[in-house]
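Listed next as C-alpha coordinates is one chain, alone, in the form predicted alone.
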(Lines give C-alpha, C1' and ligand atoms only; values in the text may rest on other atoms or scores of the structure.)
Protein backbone atom coordinates (compact mmCIF):
# COMPACT_ATOMS: atom_id res chain seq x y z
CA UNK A 1 0.00 0.00 0.00
CA UNK A 2 1.27 3.46 -0.90
CA UNK A 3 1.12 6.17 1.76
CA UNK A 4 2.35 9.75 2.05
CA UNK A 5 4.59 10.56 5.03
CA UNK A 6 5.63 13.90 6.48
CA UNK A 7 8.73 14.10 8.65
CA UNK A 8 11.24 16.88 9.26
CA UNK A 9 9.55 19.03 6.60
CA UNK A 10 10.00 16.32 3.97
CA UNK A 11 7.24 14.70 1.94
CA UNK A 12 7.85 11.05 1.07
CA UNK A 13 5.86 8.22 -0.48
CA UNK A 14 6.35 4.90 1.27
CA UNK A 15 5.04 1.40 0.75
CA UNK A 16 3.63 -0.41 3.77
CA UNK A 17 0.98 -2.88 4.93
CA UNK A 18 -2.72 -2.24 4.54
CA UNK A 19 -4.24 -1.09 7.88
CA UNK A 20 -6.60 -3.23 9.93
CA UNK A 21 -10.02 -1.85 10.77
CA UNK A 22 -10.92 -2.09 14.48
CA UNK A 23 -14.47 -2.97 15.52
CA UNK A 24 -16.86 -0.21 14.52
CA UNK A 25 -14.49 1.10 11.84
CA UNK A 26 -14.84 0.92 8.07
CA UNK A 27 -12.07 0.21 5.58
CA UNK A 28 -12.09 2.85 2.85
CA UNK A 29 -10.27 2.91 -0.48
CA UNK A 30 -9.11 6.43 -1.28
CA UNK A 31 -10.53 7.96 -4.47
CA UNK A 32 -9.44 11.57 -4.07
CA UNK A 33 -7.66 13.54 -1.37
CA UNK A 34 -7.30 17.30 -1.16
CA UNK A 35 -4.16 19.10 0.05
CA UNK A 36 -5.23 22.01 2.25
CA UNK A 37 -3.40 24.79 4.04
CA UNK A 38 -3.36 22.77 7.27
CA UNK A 39 -1.43 20.01 5.50
CA UNK A 40 1.11 22.57 4.32
CA UNK A 41 1.39 23.93 7.87
CA UNK A 42 1.92 20.38 9.18
CA UNK A 43 4.79 20.06 6.73
CA UNK A 44 6.25 23.27 8.15
CA UNK A 45 6.07 21.91 11.70
CA UNK A 46 2.56 22.70 12.96
CA UNK A 47 1.69 20.42 15.94
CA UNK A 48 5.16 18.86 15.65
CA UNK A 49 3.50 16.50 13.19
CA UNK A 50 5.14 13.36 11.84
CA UNK A 51 3.19 10.68 9.98
CA UNK A 52 0.50 10.30 7.31
CA UNK A 53 -1.37 13.58 6.66
CA UNK A 54 -4.66 14.23 4.89
CA UNK A 55 -8.17 14.89 6.16
CA UNK A 56 -10.05 16.05 3.05
CA UNK A 57 -11.04 12.96 1.11
CA UNK A 58 -13.68 10.96 -0.68
CA UNK A 59 -13.38 7.19 -0.76
CA UNK A 60 -15.19 3.93 -1.42
CA UNK A 61 -16.09 1.67 1.50
CA UNK A 62 -14.69 -1.84 0.97
CA UNK A 63 -15.26 -3.32 4.46
CA UNK A 64 -17.84 -2.39 7.10
CA UNK A 65 -20.23 -3.97 9.56
CA UNK A 66 -22.98 -1.83 8.05
CA UNK A 67 -23.66 -3.59 4.77
CA UNK A 68 -25.41 -0.53 3.32
CA UNK A 69 -22.06 1.31 3.32
CA UNK A 70 -20.11 -1.20 1.26
CA UNK A 71 -19.44 0.03 -2.26
CA UNK A 72 -20.68 3.54 -1.48
CA UNK A 73 -18.70 6.73 -1.88
CA UNK A 74 -18.23 8.43 1.48
CA UNK A 75 -16.66 11.44 3.13
CA UNK A 76 -15.71 11.41 6.78
CA UNK A 77 -15.78 13.70 9.79
CA UNK A 78 -12.21 14.06 10.96
CA UNK A 79 -12.63 14.08 14.77
CA UNK A 80 -12.64 10.66 16.45
CA UNK A 81 -14.23 11.29 19.85
CA UNK A 82 -14.60 8.97 22.85
CA UNK A 83 -18.39 9.20 22.80
CA UNK A 84 -18.85 9.21 26.55
CA UNK A 85 -17.23 12.31 28.12
CA UNK A 86 -19.06 15.50 29.09
CA UNK A 87 -18.31 17.19 25.76
CA UNK A 88 -19.45 14.18 23.74
CA UNK A 89 -22.69 13.93 25.76
CA UNK A 90 -23.34 17.59 24.90
CA UNK A 91 -22.84 16.90 21.18
CA UNK A 92 -19.42 18.58 21.19
CA UNK A 93 -17.31 15.61 20.15
CA UNK A 94 -15.13 17.99 18.14
CA UNK A 95 -13.85 19.22 21.51
CA UNK A 96 -13.55 15.84 23.22
CA UNK A 97 -10.31 15.96 25.28
CA UNK A 98 -9.57 12.35 24.29
CA UNK A 99 -10.23 12.79 20.59
CA UNK A 100 -7.84 11.97 17.81
CA UNK A 101 -7.99 13.81 14.49
CA UNK A 102 -7.62 12.24 11.05
CA UNK A 103 -4.25 13.16 9.59
CA UNK A 104 -3.53 15.72 12.31
CA UNK A 105 -3.55 14.26 15.84
CA UNK A 106 -2.71 10.60 16.57
CA UNK A 107 -4.70 9.04 13.71
CA UNK A 108 -3.05 8.29 10.35
CA UNK A 109 -4.51 10.45 7.61
CA UNK A 110 -6.25 9.91 4.31
CA UNK A 111 -3.27 10.27 1.96
CA UNK A 112 -2.87 6.50 1.55
CA UNK A 113 -4.48 3.85 -0.60
CA UNK A 114 -6.60 2.53 2.28
CA UNK A 115 -7.70 4.32 5.44
CA UNK A 116 -9.94 3.56 8.41
CA UNK A 117 -12.55 5.67 10.17
CA UNK A 118 -15.43 4.92 12.56
CA UNK A 119 -18.59 4.11 10.65
CA UNK A 120 -20.42 6.77 12.66
CA UNK A 121 -18.10 9.40 11.15
CA UNK A 122 -19.06 8.57 7.56
CA UNK A 123 -21.53 10.34 5.27
CA UNK A 124 -22.65 8.83 1.98
CA UNK A 125 -22.02 11.12 -0.99
CA UNK A 126 -25.15 11.72 -3.12
CA UNK A 127 -24.87 10.54 -6.72
CA UNK A 128 -25.34 14.13 -7.94
CA UNK A 129 -21.97 15.21 -6.52
CA UNK A 130 -18.93 14.37 -8.69
CA UNK A 131 -16.06 12.69 -6.85
CA UNK A 132 -13.69 15.63 -7.41
CA UNK A 133 -16.21 18.02 -5.87
CA UNK A 134 -16.97 15.74 -2.91
CA UNK A 135 -13.40 16.34 -1.69
CA UNK A 136 -14.56 19.83 -0.70
CA UNK A 137 -17.19 18.64 1.80
CA UNK A 138 -14.93 18.94 4.85
CA UNK A 139 -13.65 22.49 4.16
CA UNK A 140 -17.11 23.56 2.97
CA UNK A 141 -18.54 22.31 6.27
CA UNK A 142 -15.94 24.43 8.06
CA UNK A 143 -17.05 27.46 6.04
CA UNK A 144 -20.74 26.85 6.81
CA UNK A 145 -19.93 26.44 10.52
CA UNK A 146 -19.80 30.24 10.76
CA UNK A 147 -23.58 30.35 10.39
CA UNK A 148 -23.98 27.88 13.28
CA UNK A 149 -21.75 29.96 15.53
CA UNK A 150 -22.83 33.56 15.01
CA UNK A 151 -26.17 35.16 14.22
CA UNK A 152 -25.50 37.71 11.48
CA UNK A 153 -28.51 39.96 10.71
CA UNK A 154 -30.04 39.33 7.31
CA UNK A 155 -28.41 41.17 4.38
CA UNK A 156 -25.57 42.49 6.56
CA UNK A 157 -22.27 43.47 4.92
CA UNK A 158 -19.54 40.95 5.77
CA UNK A 159 -15.85 41.34 4.94
CA UNK A 160 -13.85 38.22 4.09
CA UNK A 161 -10.08 38.56 4.24
CA UNK A 162 -8.16 36.11 2.07
CA UNK A 163 -8.80 34.57 -1.36
CA UNK A 164 -7.41 31.11 -0.68
CA UNK A 165 -9.43 27.91 -0.74
CA UNK A 166 -11.24 28.45 2.55
CA UNK A 167 -11.76 32.16 1.94
CA UNK A 168 -13.47 31.45 -1.38
CA UNK A 169 -15.73 28.85 0.22
CA UNK A 170 -16.62 31.19 3.10
CA UNK A 171 -17.46 34.03 0.70
CA UNK A 172 -19.68 31.80 -1.42
CA UNK A 173 -21.51 30.28 1.56
CA UNK A 174 -22.26 33.71 3.02
CA UNK A 175 -23.38 35.05 -0.38
CA UNK A 176 -25.71 32.08 -0.93
CA UNK A 177 -27.34 32.86 2.42
CA UNK A 178 -28.09 36.43 1.41
CA UNK A 179 -25.26 38.42 2.99
CA UNK A 180 -23.51 41.28 1.19
CA UNK A 181 -20.02 39.86 1.02
CA UNK A 182 -16.95 41.98 0.27
CA UNK A 183 -13.89 39.79 -0.26
CA UNK A 184 -10.36 41.15 -0.15
CA UNK A 185 -7.51 39.23 -1.75
CA UNK A 186 -4.26 39.44 -3.69
CA UNK A 187 -4.98 37.24 -6.74
CA UNK A 188 -7.22 38.35 -9.63
CA UNK A 189 -7.91 34.82 -10.87
CA UNK A 190 -8.98 33.60 -7.45
CA UNK A 191 -11.23 36.60 -6.81
CA UNK A 192 -12.97 36.00 -10.15
CA UNK A 193 -14.33 32.73 -8.74
CA UNK A 194 -16.02 34.64 -5.91
CA UNK A 195 -17.16 37.41 -8.25
CA UNK A 196 -18.98 34.87 -10.43
CA UNK A 197 -20.93 33.88 -7.30
CA UNK A 198 -22.10 37.45 -6.78
CA UNK A 199 -19.45 38.48 -4.26
CA UNK A 200 -18.02 41.99 -4.38
CA UNK A 201 -14.26 41.61 -4.62
CA UNK A 202 -11.32 43.92 -4.15
CA UNK A 203 -7.69 43.37 -5.06
CA UNK A 204 -5.56 44.44 -2.11
CA UNK A 205 -2.55 46.52 -3.12
CA UNK A 206 -1.91 48.73 -0.13
CA UNK A 207 -4.29 49.76 2.64
CA UNK A 208 -7.44 48.01 3.78
CA UNK A 209 -10.50 50.00 4.91
CA UNK A 210 -10.56 50.98 8.58
CA UNK A 211 -13.46 50.40 11.00
CA UNK A 212 -16.05 49.73 8.27
CA UNK A 213 -17.52 46.32 9.12
CA UNK A 214 -19.47 44.82 12.01
CA UNK A 215 -18.60 41.32 10.74
CA UNK A 216 -15.17 40.27 9.47
CA UNK A 217 -13.87 36.79 8.62
CA UNK A 218 -10.10 36.23 8.70
CA UNK A 219 -9.27 33.44 6.25
CA UNK A 220 -5.86 34.75 5.22
CA UNK A 221 -3.83 31.89 6.70
CA UNK A 222 -1.36 34.60 7.69
CA UNK A 223 -0.03 35.63 11.12
CA UNK A 224 -0.86 39.23 10.16
CA UNK A 225 -4.45 38.43 9.19
CA UNK A 226 -5.96 39.04 12.61
CA UNK A 227 -4.22 42.42 12.92
CA UNK A 228 -5.73 43.49 9.59
CA UNK A 229 -9.15 42.18 10.62
CA UNK A 230 -9.10 44.18 13.87
CA UNK A 231 -8.37 47.38 11.97
CA UNK A 232 -11.34 46.77 9.67
CA UNK A 233 -13.82 46.03 12.45
CA UNK A 234 -16.10 48.61 14.02
CA UNK A 235 -16.38 48.97 17.79
CA UNK A 236 -18.36 46.03 19.23
CA UNK A 237 -18.00 44.20 15.95
CA UNK A 238 -17.19 40.50 15.56
CA UNK A 239 -14.23 38.75 13.95
CA UNK A 240 -14.53 35.08 12.96
CA UNK A 241 -11.06 33.53 12.96
CA UNK A 242 -10.51 30.80 10.37
CA UNK A 243 -6.71 30.90 10.01
CA UNK A 244 -4.42 28.28 11.51
CA UNK A 245 -0.73 29.07 11.21
CA UNK A 246 2.46 27.51 12.50
CA UNK A 247 4.08 29.56 15.24
CA UNK A 248 2.92 32.55 17.28
CA UNK A 249 1.04 35.51 15.84
CA UNK A 250 2.18 38.71 17.54
CA UNK A 251 -0.38 41.52 17.66
CA UNK A 252 -1.49 44.43 19.82
CA UNK A 253 -4.50 43.47 21.96
CA UNK A 254 -5.31 47.06 22.96
CA UNK A 255 -7.57 47.83 19.94
CA UNK A 256 -9.58 44.66 20.63
CA UNK A 257 -10.13 45.66 24.25
CA UNK A 258 -10.72 49.36 23.70
CA UNK A 259 -13.16 48.71 20.83
CA UNK A 260 -14.78 45.75 22.63
CA UNK A 261 -14.34 43.46 19.64
CA UNK A 262 -15.61 39.88 19.88
CA UNK A 263 -13.29 37.14 18.61
CA UNK A 264 -14.84 33.83 17.54
CA UNK A 265 -12.61 30.86 16.85
CA UNK A 266 -14.08 28.68 14.12
CA UNK A 267 -12.96 25.23 13.02
CA UNK A 268 -14.86 22.15 11.83
CA UNK A 269 -18.54 22.06 10.88
CA UNK A 270 -21.47 19.77 10.21
CA UNK A 271 -21.27 17.84 6.95
CA UNK A 272 -25.01 17.87 6.19
CA UNK A 273 -25.21 21.55 5.09
CA UNK A 274 -22.09 21.14 2.95
CA UNK A 275 -23.49 18.08 1.18
CA UNK A 276 -26.76 19.90 0.51
CA UNK A 277 -24.96 22.94 -0.94
CA UNK A 278 -22.92 20.76 -3.31
CA UNK A 279 -25.84 18.51 -4.26
CA UNK A 280 -27.89 21.56 -5.26
CA UNK A 281 -25.01 23.12 -7.21
CA UNK A 282 -24.96 26.26 -5.06
CA UNK A 283 -21.18 26.43 -4.54
CA UNK A 284 -18.64 26.56 -7.36
CA UNK A 285 -15.78 24.27 -6.36
CA UNK A 286 -14.95 22.95 -9.85
CA UNK A 287 -13.04 26.15 -10.68
CA UNK A 288 -11.03 25.78 -7.46
CA UNK A 289 -9.27 22.58 -8.61
CA UNK A 290 -5.84 23.63 -9.85
CA UNK A 291 -4.35 20.20 -10.52
CA UNK A 292 -4.74 16.46 -9.93
CA UNK A 293 -1.74 14.17 -9.36
CA UNK A 294 -1.39 10.50 -8.44
CA UNK A 295 -0.55 9.55 -4.87
CA UNK A 296 2.88 8.40 -6.06
CA UNK A 297 3.71 12.03 -6.96
CA UNK A 298 2.80 13.47 -3.57
CA UNK A 299 6.10 15.38 -3.10
CA UNK A 300 5.49 17.25 -6.36
CA UNK A 301 1.85 17.77 -5.42
CA UNK A 302 2.80 19.39 -2.10
CA UNK A 303 5.29 21.65 -3.89
CA UNK A 304 2.61 22.68 -6.35
CA UNK A 305 0.04 23.30 -3.60
CA UNK A 306 2.48 25.64 -1.83
CA UNK A 307 2.96 27.89 -4.87
CA UNK A 308 1.36 31.36 -4.84
CA UNK A 309 -1.88 31.49 -6.80
CA UNK A 310 -2.54 27.73 -6.64
CA UNK A 311 -5.83 26.58 -5.16
CA UNK A 312 -6.79 22.94 -4.57
CA UNK A 313 -4.40 20.18 -5.59
CA UNK A 314 -5.99 16.73 -5.52
CA UNK A 315 -4.23 13.42 -4.97
CA UNK A 316 -5.76 10.59 -6.97
CA UNK A 317 -5.74 6.88 -6.22
CA UNK A 318 -7.07 4.61 -8.95
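Residue numbers count along the first chain shown, from 1. For clarity, every value in this text was computed on a predicted model and none was experimentally measured.
The same protein has a further form, the form predicted together with a further copy of the same chain, not shown here; the description that follows concerns it.
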Quiz item: Are 46, 149 and 267 jointly within 4.5 Å of a further copy of the same chain in the predicted bound form, each by at least one heavy atom?
Solution: yes
Exercise. Heavy atoms, 4.5 Å, a further copy of the same chain in the predicted bound form: which of 24 to 32, 283 to 291, 55 to 63, 267 to 275 makes the cut? Say which one.
Key: 267 to 275
Quiz item: Do residue 235 and a further copy of the same chain come within 4.5 Å of each other in the predicted bound form, heavy atoms counted?
Solution: yes
Exercise. Decide whether residue 73 counts as a contact residue for a further copy of the same chain in the predicted bound form under a heavy atom distance cut-off of 4.5 Å.
Key: no
Quiz item: Closest heavy atom of residue 68 to a further copy of the same chain in the predicted bound form, within 4.5 Å or not?
Solution: no
Quiz item: Taking heavy atoms only, is residue 172 within 4.5 angstroms of a further copy of the same chain in the predicted bound form?
Solution: no
Quiz item: What residues of 253 to 286, in sequence order, lie within 4.5 Å of a further copy of the same chain in the predicted bound form by heavy atom?
Solution: 253, 254, 256, 257, 258, 259, 260, 261, 262, 263, 264, 265, 266, 267, 268
